[in-house]
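Below, in structure tokens: the form predicted alone, a single chain.
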């Protein structure tokens, strides 16, 4: 069960965020604020305490707070973002994390790691090797996990921005899968909900206690999740989609 969630308000500089989808246009800041408000409301419906950090105009992508830390039950790992424009974001989360964790670890150079590349399944953590997360960063996280009697494994990736761009663990052995991960042998043991190619963005859902947050307007994905017996709350993240952001990116949950 999650008790706490940390979010950071979007900055007006969000329109300058990293994107692989320029054809979607620039985010509308006012709409992004409304969507963020609704995201927070949805999280509260899941029974968590939401801790809201102020916007940081220096970092256009800083509302995607998931990438700057990996939260476990025993320690938190402050990451080292692989994107040049995001370096420094991780330093701004440390004091907040001290309110919740005594054990704080840090990824050291030349390691890079972003939280969007890390998927927790119980005490096991899958770590995707991407343009943002390298092998050195992954091994540093695995070493830390093993020192606390947890473990991790590395997943080679070719297509996705982040591991959780195409995967979401929904507890109860249920895994949302899209794209290159559909036939990946590392996930054969799970009950898979396969995301249709035209709804691939919806692979980035999050299970928060008794609910699954699903992006709005992805009806086929919602129906598949509900057919698996899970309760769904839909949230509009269309402004964040324009800068490669999804539901998991917008929060740290622990």
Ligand code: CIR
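Positions refer to the first chain, counted from 1. What you see is a predicted model; the values in this text were computed from it and never measured.
Missing here is the form predicted together with the ligand; even so, the following discussion is about that form.
Asks: For the chain shown here without its partner, which stretch in 21 to 29, 227 to 235, 241 to 249, 5 to 13 has non-hydrogen atoms within 4.5 angstroms of the ligand in the predicted complex?
Replies: Of the options, only 241 to 249 has residues within 4.5 Å of the partner.
Asks: Is residue 128 part of the interface with the ligand in the predicted complex - any heavy atom within 4.5 Å?
Replies: Heavy-atom contact with the ligand at 4.5 Å: absent for residue 128.
Asks: Taking heavy atoms only, is residue 161 within 4.5 angstroms of the ligand in the predicted complex?
Replies: Looking in the predicted complex, residue contacts with the ligand include residue 161, since a heavy atom lies within 4.5 Å.
Asks: Just to confirm, residue 116 within 4.5 Å of the ligand in the predicted complex by heavy atoms?
Replies: Within the cut-off, so yes.
Asks: Evaluate residue 86 for contact with the ligand in the predicted complex, applying a 4.5 angstroms cut-off between non-hydrogen atoms, and reply yes or no.
Replies: Because a heavy atom of residue 86 falls inside 4.5 Å of the ligand in the predicted complex, the answer is yes.
Asks: Residue by residue through 60 to 96, tell me which have a non-hydrogen atom within 4.5 angstroms of the ligand in the predicted complex.
Replies: The stretch 60 to 96, when checked against the ligand in the predicted complex, contributes 61, 64, 66, 67, 86 at the 4.5 Å heavy-atom cut-off.
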